[in-house]
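First comes one chain, alone, set out as structure tokens in the form predicted alone.
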């Protein structure tokens, strides 16, 4: 059916058609649909790659932060009993019977250590408790189970242990997030702040944000004049200087980090030079490595190209005539810079700061090598729990909080500055 618009456009000749008689609007819609399908097929491999290598791993990490079925899978009788009852005190014979039967089976399947490790995440000493009890479980020949199990180890009579097992009986838990936020459960199962000597992650999150902001600020201070020089020089000179910026960027990260260790350690090149010229005594060498200073210095050098390149790409497009016009109208060099040149480079400043800050928040290798105990970031704790303590749930919860923090900062940046004003090149 021709529409009123078609009729008006065609006048008295009727709706416009193609050579085969198809209405022009229909033919245009088909052509547009074919173009969209071609575009979708072209980007499909990239979309699939991003989903498989980015979205799926992040989704698994987020799910792992609330999912741990080790206890419920290997202690099915006790888990079922705990889910059906409120544990406000150490239970009686039926609960201990389920515990003994499950522990006997876990011993036979060699899974009792995994179960103990899961409980050990929330109650220190549980791993050895489960292992030692599993070794002696054959001594229990039959009921009454409670008295015999308490005779093997009195720790089975602790209410805290039973409340921890109650939480572990559910495969989905928020315990890892509570631990990542420096919270803990008391013996009655209520959430309280962790003891002061065990509050680790809040301090590490704060240190990570502060050091990342400091690195981004130092990169801006150092990178802005360098990018301005690159954008102002003739092309043959700026290309030569650009190689000096890109050469460290192309050099192995491990090589650059170990080079800073050689330069800044107590017996390194810098301290030896200062001692040789008499500025420092041999006993007064600077401690620039294996602390926060080492992390800041090495990361600033590594992140500098990520600040210079966005700034350079924006400064290259700023017309030089604007500043000259401001100077010719009587503005001083500082006024011309602050009111004419600087506002035009804000997109590059925003892109550089955001890029450096986000990369620094998740940096791992450099703080691990040069940071020592005081220069470690939250990423080092995530790596520790994934590689050494094998507490993947806590590592995933820390990673999820870090991801949430970065998304929140990105949202704030968008609200305050605007992502549309950011240019990476």
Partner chain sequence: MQEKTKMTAFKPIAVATLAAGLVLAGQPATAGEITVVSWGGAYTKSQVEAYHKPWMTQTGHKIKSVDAPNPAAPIKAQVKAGNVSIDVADVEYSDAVRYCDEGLLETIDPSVLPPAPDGTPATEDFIEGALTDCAVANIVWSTVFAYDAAKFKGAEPKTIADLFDVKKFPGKRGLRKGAKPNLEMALMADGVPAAEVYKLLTTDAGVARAFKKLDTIKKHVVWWEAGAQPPQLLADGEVSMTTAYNGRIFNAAIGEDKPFKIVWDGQVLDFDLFVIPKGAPNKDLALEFIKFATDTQRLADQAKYIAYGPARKSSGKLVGLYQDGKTQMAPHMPTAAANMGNALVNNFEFWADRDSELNERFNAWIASN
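Numbering follows the first chain given and starts at 1. Here the structure is a predicted model, which means the values were calculated and not measured.
What comes next is about the form predicted together with its partner chain, which does not appear here.
For the chain shown alone, residue 131 is a contact residue for its partner chain in the model of the complex, at least one non-hydrogen atom being within 4.5 angstroms.
For residue 83, no non-hydrogen atom is located within 4.5 Å of its partner chain in the model of the complex, even though that partner is not displayed. In the model of the complex, its partner chain sits within 4.5 Å of a heavy atom of residue 390.
Proximity of residue 361 to its partner chain in the model of the complex falls outside the 4.5 Å heavy atom cutoff. Note on the partner interface in the model of the complex: the residue among 73, 94, 105, 287 having a heavy atom within 4.5 angstroms of its partner chain is 287. Here is the short version: of 143, 248, 157, 125, the single residue with a heavy atom within 4.5 Å of its partner chain in the model of the complex is 125. Look at 396-404, 369-377, 57-65, 43-51: in the model of the complex, residues with non-hydrogen atoms within 4.5 angstroms of its partner chain sit in 369-377.
In the model of the complex, its partner chain lies within 4.5 angstroms of at least one heavy atom of each of the following residues of 102-133: 110, 112, 113, 114, 117, 120, 124, 125, 127, 128, 131, in sequence order.
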